[in-house]
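Consider the single chain below, provided in structure tokens and representing the form predicted alone.
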Amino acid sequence: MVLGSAAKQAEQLRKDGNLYFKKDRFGAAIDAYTEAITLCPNVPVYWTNRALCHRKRNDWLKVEEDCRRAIQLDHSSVKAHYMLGLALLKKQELDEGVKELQKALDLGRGANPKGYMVDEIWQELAKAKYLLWEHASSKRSWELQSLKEACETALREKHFLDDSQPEGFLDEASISHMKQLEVLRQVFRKAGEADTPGEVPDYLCCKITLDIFRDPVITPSGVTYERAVILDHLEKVGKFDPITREPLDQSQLVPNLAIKEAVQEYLDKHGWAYKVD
């Protein structure tokens, strides 16, 4: 394809900007990308490149502006959705930020499931979802504690212990009162269990990394692995199943939708499992 004069100049400016960026000269890179945008405003990569410079400078408002423009030009821009998600998280717009990160992750997995960005995006998404869970968990914990105390107070008022009873003597009303208090405490302990960190079930974890699945795939042998991990194994170690040692090719890997759905259901109920080291 023959580029026009403006397009050629814009491309050269993009290359100049990339060179400045590699040398950490972000101001000069921004100037170069801005000139490229002036010449060819409908090229999304110029906007995402400039947004990346703004990100390096922690200018999140400009990151958001450039990414929104890039998305208008290319709805499938992984970098634009990713950096927009980060910018929204910086503004404490957690729900919207998570949506953009999830969009970036879905697009990234479709384009290059082994790409470094997929793992980076998942890490940021997991941190954001953990933060959402933490906020919601703290609120639930406070509400449960307040309700528990109110219920205990109501029970005590209903079954007031008579101080005139001889020491060591408990009548039926007092025994019933204590039983009700214990049942009440058990109910509230049960209610808080989902927010208590524990161990993720083995069947939801990759047999190689032992981490909870992100993008599970199943082999013809019936073993499920994390996609990026098994692809890395096939490329660097050999074309065989690491557990069964059966011959295995990338084309034989199939998304394990049942496990993926089970993982998501588990994470929805146990947000603490999003925590990453």
Partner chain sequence: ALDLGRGANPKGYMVDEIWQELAKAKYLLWEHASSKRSWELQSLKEACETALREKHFLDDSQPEGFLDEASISHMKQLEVLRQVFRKAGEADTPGEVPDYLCCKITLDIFRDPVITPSGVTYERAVILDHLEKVGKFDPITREPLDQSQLVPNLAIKEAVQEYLDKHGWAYKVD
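Superpose the two forms; the largest set of C-alphas matching within 1.5 Å is the rigid core. A quick note: this is a predicted structure, and the numbers were derived from the prediction, not measured. Positions refer to the first chain, counted from 1.
What follows is about the form predicted together with the partner chain, which we do not show.
Margin query: Each of L147, K179 and K190 having a non-hydrogen atom within 4.5 Å of the partner chain in the model of the complex: is that the case here?
Written below: Spot residues vs the partner chain: full contact, yes.
Notebook entry, point to check: Which one, 66 to 74, 216 to 224, 233 to 241, 47 to 55, holds residues whose non-hydrogen atoms are within 4.5 Å of the partner chain in the model of the complex?
Noted result: This holds for exactly one stretch, 216 to 224.
Check: Is K269 close enough to the partner chain in the model of the complex to count, meaning some heavy atom within 4.5 Å?
Finding: Taking the distances in the model of the complex, the answer for K269 is yes, it comes within 4.5 Å of the partner chain.
Notebook entry, point to check: Is the gap between E157 and the partner chain in the model of the complex 4.5 Å or less for some heavy atom pair?
Noted result: Judged by the heavy-atom cut-off of 4.5 Å, E157 is in contact with the partner chain in the model of the complex.
Margin query: Just checking whether C151 would be counted as a contact of the partner chain in the model of the complex - the rule being heavy atoms within 4.5 angstroms.
Written below: Residue-level check for C151: yes, a contact with the partner chain.
Item checked: Non-hydrogen atom contact E96 with the partner chain in the model of the complex at 4.5 angstroms -> No, no contact at 4.5 Å.
Item checked: Contact assignment for the partner chain in the model of the complex, among E143, E120, E134, D106, heavy atom within 4.5 Å -> Exactly one listed residue reaches within 4.5 Å, namely E143.
Note to self: Can you list, in sequence order, the residues from 70 to 93 that come within 4.5 Å of the partner chain in the model of the complex, counting heavy atoms only?
What the structure shows: The stretch 70 to 93, when checked against the partner chain in the model of the complex, contributes no residue at the 4.5 Å heavy-atom cut-off.
Next item on the list: Take the rigid core as the frame of reference and indicate whether the C-alpha of R189 shifts by 2 Å or more between this form and the one not shown.
Entry: Comparing forms between this form and the one not shown, the R189 CA shifts at least 2 Å.
Check: Quick one: core overlaid, is K129 moving 2 Å or more at the Cα between this form and the one not shown?
Finding: No, because once the rigid core is superposed, the C-alpha of K129 moves less than 2 Å between this form and the one not shown.
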